[in-house]
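Quick setup: one chain, the form predicted alone, written in structure tokens, and binding and motion questions come after.
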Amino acid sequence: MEKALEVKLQDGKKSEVLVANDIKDLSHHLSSYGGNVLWVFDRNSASLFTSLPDQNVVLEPGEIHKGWRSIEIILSAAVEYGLARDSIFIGFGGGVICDMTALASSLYMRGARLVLVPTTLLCMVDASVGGKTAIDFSNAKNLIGSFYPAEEVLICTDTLRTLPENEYRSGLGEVVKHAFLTKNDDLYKFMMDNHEKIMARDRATVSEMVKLSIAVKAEFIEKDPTEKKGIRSFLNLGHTFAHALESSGNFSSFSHGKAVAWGISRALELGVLMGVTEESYQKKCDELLRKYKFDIDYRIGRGDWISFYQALGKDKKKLSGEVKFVLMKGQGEPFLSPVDISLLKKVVITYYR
């Protein structure tokens, strides 16, 4: 395993991000934990094993199962297997599994050990790093959660080879976001120059892309581990739009990464309308989004506005009752701002002018 980077978090905690050469390398590292563990899978990630390890939980896949019931199942299994506070919860799967495993681990005996093995691109570059744990509640995405970083995040891009094309492209939405947020445009250029290899899931190319992407996220996390300074909120570029789109569509119409890509384009268009984003920068960003075939031209129907707006009201980034949107001045220059409702309608509703 290669140590890619170490993310320093609150109260002296840290997460080590390790990248495996292949599945065999990953398996060897996982075997070093011994038997004092609880493995948490969903049916999709469990299928990567010919036979499952002892002391496991296999949950139903999908956002619809990201709730209290799944947390109860994980915690009940931990009790049944006699886990102690020094036991390790291993979340093996996508963002839903890693988020829920982390939350359950943070609750068990006021905090057990945690290792995450993200098996989707979205989880590798987003959910597994940074210490956020969450479940959905009251039809609001990730409303209930805590900050509880994994001691290790183990990445093996070989797990992406069996990932459905739709899920792989969903993860690319978060990578593209990171390409815009960093002051340098190394990740942007990498994605523009290596499009074919990235889409072909070339191991070396994807591993390098993942490391570049995580490094961008780590910059923001280390400056603001628990989102108290507003800096880490910039990682939510596109997410206020995206979560509203997902929530109003009951999490089924758009995958998360595709919704984020759509939301980034809406934020850029909004910035141009407000006179804070250069139109040339918007076009540069949209060029990358279109290169990876994200549907940034989609608009909601007029009849969907009320449910969309209500979903916006549940956004976690509200301050003093006001929703703040992440907008961009230019490359690596995000900022938070409230938005006039008339301008908001212009960028999200079909033919609204």
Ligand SMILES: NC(=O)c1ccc[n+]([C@@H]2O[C@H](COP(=O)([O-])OP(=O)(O)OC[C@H]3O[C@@H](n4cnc5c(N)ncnc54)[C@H](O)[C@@H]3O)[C@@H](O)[C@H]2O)c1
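Here the structure is a predicted model, which means the values were calculated and not measured. Don't overthink the numbering: it's just position in the shown sequence, from 1.
Below, we turn to the form predicted together with the named molecule, even though it does not appear here.
With the partner removed from view, the residue among S248, S87, N142, T205 that has a non-hydrogen atom within 4.5 Å of the named molecule in the predicted bound form turns out to be N142. Here is the short version: of N184, T162, S76, T226, the single residue with a heavy atom within 4.5 Å of the named molecule in the predicted bound form is T162. For the three residues S213, K258 and V348, a heavy atom within 4.5 Å of the named molecule turns up in the predicted bound form in no case. Put simply, G238 is far from the named molecule in the predicted bound form: not one heavy atom of it is within 4.5 Å.
Although the partner is absent here, P53 lies well away from the named molecule in the predicted bound form, with no heavy atom inside 4.5 Å.
Within 4.5 Å of some heavy atom of the named molecule in the predicted bound form lies at least one heavy atom of K132. The shortest heavy atom separation between V96 and the named molecule in the predicted bound form is within 4.5 Å.
Heavy atoms within 4.5 Å of the named molecule in the predicted bound form belong, among the stretches 192-200, 88-96, 267-275, 105-113, to residues of 88-96.
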